[in-house]
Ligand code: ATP
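To begin, one chain is listed below as structure tokens, in the form predicted on its own.
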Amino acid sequence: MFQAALKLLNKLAEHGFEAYVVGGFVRDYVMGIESNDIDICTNAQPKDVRSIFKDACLPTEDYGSITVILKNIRFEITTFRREYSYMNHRKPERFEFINDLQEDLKRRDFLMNTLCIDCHGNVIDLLHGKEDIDHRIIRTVGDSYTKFSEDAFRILRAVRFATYLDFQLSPEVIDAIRKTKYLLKDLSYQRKREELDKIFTSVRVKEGIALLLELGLEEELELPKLKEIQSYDDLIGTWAQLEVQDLYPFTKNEKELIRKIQEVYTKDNLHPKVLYMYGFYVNSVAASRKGISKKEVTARYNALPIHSRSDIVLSGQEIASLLNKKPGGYLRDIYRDLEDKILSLELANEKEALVQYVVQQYRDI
């Protein structure tokens, strides 16, 4: 991927333009972390990029960005620009194209994200971001209060980076976050969830949640149960503990899983009928919160004589034939009875035993 990016930079250079890989990829590159997210900045304007890369598309041309696919890899190319006043503490109201890399870097969020790589593979560090990486600290480019006031999303990015990279927030950043955190309420729940998902799935999730609490962000994020989280192994399981599925955006399937996890938490997650009804995943997530090991849940689940109704060796048509009846709603009750008896080991899941039981119990139905 990096080689493809260098090829793209060289193609722009061949046409007389400056171009650099910029941002998180370069930060991770100098830290020896593998990354697949490459952004390009250039003094070429969108119309210039389109003339060089014929298949370029312009989903956000009004923002000075253009998408190019090279060697089946998607690159976003953004023209150097200066931004003016932000709308709703999120997006700049206007911007102008410029021809100055250093000036373009000044509009970015954190110093560690201002490093660039040129078309020869050299790392360019105009704002001394490498010092912050070496000292494992997160500082903003310019005044922190101004940066977070311009774009409140940067607050969550700061926490996410501190979590993911195991960096410290500078005292100025901490102070500015505490003064501007009320602006988080203006962000969409979708954007907030995207960033929180990254924190909740980090290997340092405990530290990330502790930092959110230390900064007092649970109120603005409307996560009153944040300090009550007991297990962190599963993303949906974490959200289930927060009980905000009616506030934050979730798919229909995610909401159903959250509902089941919350419901089964009050039950015995090792009981055969509970394991059967709710399944392995839901029970293992709820059990983890109670300190029950996944290994124990797995052993109990695997030991079940059946895992779904389709495992019962007697079909509905066979039951109907045994009773000399047409298939109908009565089969639901019979199957429910068979499930209970098989799970409680009162009845073996063997055809002869099931046939005998059904005939004896239901011949007069």
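The structure displayed is predicted, hence computed values, not measured ones. Residue numbers here begin at 1 and follow the sequence given.
Just so you know, the form predicted in complex with the named molecule exists too; it's not on screen, but the next bit is about it.
Looking at 272 to 280, 109 to 117, 206 to 214, 242 to 250, which one sits within 4.5 Å of the named molecule in the predicted bound form if you count heavy atoms only? Of the options given, it is 109 to 117.
State yes or no: in the predicted bound form, is some non-hydrogen atom of residue 193 no more than 4.5 angstroms from a non-hydrogen atom of the named molecule? Flag for residue 193 set to no.
Considering only heavy atoms, tell me if residue 139 and the named molecule come within 4.5 Å of each other in the predicted bound form. Looking in the predicted bound form, residue contacts with the named molecule do not include residue 139, since no heavy atom lies within 4.5 Å.
Test of understanding: in the predicted bound form, would residue 161 fall inside 4.5 Å of the named molecule by heavy atoms? Because a heavy atom of residue 161 falls inside 4.5 Å of the named molecule in the predicted bound form, the answer is yes.
Can you work out whether residue 157 and the named molecule are in contact in the predicted bound form, taking contact to mean some heavy atom pair no more than 4.5 Å apart? Taking the distances in the predicted bound form, the answer for residue 157 is yes, it comes within 4.5 Å of the named molecule.
Of these, 37, 311, 337, 296, which has a heavy atom no more than 4.5 Å from the named molecule in the predicted bound form? By the 4.5 Å criterion, the partner-contacting residue is 37.
Only one of 234, 151, 254, 132 comes within 4.5 Å of the named molecule in the predicted bound form by heavy atoms, so just point that one out. So the residue touching the named molecule in the predicted bound form, by this definition, is 151.
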